[in-house]
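Take a look at this single chain in structure tokens; it is the form predicted alone.
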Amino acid sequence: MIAEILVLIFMPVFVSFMGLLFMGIQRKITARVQNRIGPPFYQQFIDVMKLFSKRENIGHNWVFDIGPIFAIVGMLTTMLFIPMGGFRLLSMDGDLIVVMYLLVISGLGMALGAGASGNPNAGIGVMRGLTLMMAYEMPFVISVLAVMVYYHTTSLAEIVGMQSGMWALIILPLSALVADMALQAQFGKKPFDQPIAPAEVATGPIVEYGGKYLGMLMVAHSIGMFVEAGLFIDIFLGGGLLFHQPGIIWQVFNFLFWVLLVFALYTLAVLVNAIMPRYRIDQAFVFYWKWPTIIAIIGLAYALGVSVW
């Protein structure tokens, strides 16, 4: 019981720290790809500490104020259901469906708070964000459904355990491909960064946020990156389990490998972000509801055929 409590306390702190570190490394990688030096890899920590050190926060109303709280609490709650290598905080039958619902809470709460600011750029960003979410959720849900159909379960722990012999990435490559396409938009990376496009809508939903509110949003984004990448790893990469022996040492090794896979997925998204232009929001919507959705349906049909056979 004490160990579980310590893990519950340690995990959010560790994930926030690693998320900010990865975001800093991402800025460095992007700069190198674009032949720049870029800021130091620890710049994110400096920015967060500076924001939290500010005494005053500009607010508009209580709805605006709870936006960052929704964002960070939504991601922290979702994180509790994501198996992280050798560590599993909460687990139940049907928790994959619960995670799919919880992933939406953070974005909707943020949209509610940003919309209450009254800033037109925030409103445009919220509209783009909700449109983009509706676009990528369709193929993503179909690809996840293919995994649930193949393994005959909606439990993340069981799906991870059933991949001890072979990853779902190898068995269901089309579904994994579509899920990775959706991950690019979940990360908010080009060509799917329309909601926060700085040159167009001045970072959109967060344009009115500053001080501790903006610091909370940066931390929420760092946690969200781990949650979204971790979900992909659990569904398609066997949860990052290299060793299936019991014991805390093997759990730590599995967890470190899980973190390495998160970094690899995030780095892939960053490299695409560095070389791709931004789609218009209508182009992004048509893209996701066209080829990724078609590929996801083919992947679902394949999973059904293999499952029945």
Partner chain sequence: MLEFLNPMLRPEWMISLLFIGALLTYFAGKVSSALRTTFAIIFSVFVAFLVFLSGSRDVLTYWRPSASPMGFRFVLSINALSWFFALMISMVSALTIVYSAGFGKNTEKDNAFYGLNLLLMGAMLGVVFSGDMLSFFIFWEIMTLASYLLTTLAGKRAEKGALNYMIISTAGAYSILIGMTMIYTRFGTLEFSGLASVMGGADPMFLLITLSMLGIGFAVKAALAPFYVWAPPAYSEAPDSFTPVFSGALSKLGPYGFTLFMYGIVGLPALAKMGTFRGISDFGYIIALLGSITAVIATLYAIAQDDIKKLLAYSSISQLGYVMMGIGIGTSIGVAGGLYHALNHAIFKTTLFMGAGVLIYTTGSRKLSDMGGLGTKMPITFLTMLIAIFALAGIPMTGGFGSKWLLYEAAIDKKFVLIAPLAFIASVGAFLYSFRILQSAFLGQLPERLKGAKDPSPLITIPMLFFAGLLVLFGIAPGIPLGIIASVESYLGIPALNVSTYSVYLGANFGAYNAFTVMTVITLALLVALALFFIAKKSRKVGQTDTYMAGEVPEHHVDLYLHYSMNFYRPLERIFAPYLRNRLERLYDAFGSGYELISEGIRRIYTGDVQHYVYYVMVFLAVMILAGWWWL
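Just so you know, these numbers come straight off a predicted model, no measurement behind them. Residue numbers count along the first chain shown, from 1.
The same protein has a further form, the form predicted together with its partner chain, not shown here; the description that follows concerns it.
Checked against its partner chain in the model of the complex, the residues 142, 174, 214, 181 give one hit for a heavy atom within 4.5 Å, which is 142. Site annotation in the model of the complex: the residue of 197, 133, 169, 218 reaching within 4.5 Å of its partner chain with a heavy atom is 133. If you check its partner chain in the model of the complex, you find no heavy atom from any of 244, 249 and 275 within 4.5 Å. Remark: residue 40 does not count among the residues lining its partner chain in the model of the complex, judged by a heavy atom distance of 4.5 Å or less. Taking the partner from elsewhere, residue 188 is found to have every heavy atom lying beyond 4.5 Å of its partner chain in the model of the complex.
Using a 4.5 angstroms limit between non-hydrogen atoms, residue 52 touches its partner chain in the model of the complex.
In the model of the complex, none of the heavy atoms of residue 237 sits within 4.5 Å of a heavy atom of its partner chain. The stretch that touches its partner chain in the model of the complex, counting heavy atoms within 4.5 Å, is 53 to 61, out of 53 to 61, 29 to 37, 265 to 273, 249 to 257. With contact defined as any non-hydrogen atom lying within 4.5 angstroms of its partner chain in the model of the complex, the stretch 17 to 45 contains no contacting residue.
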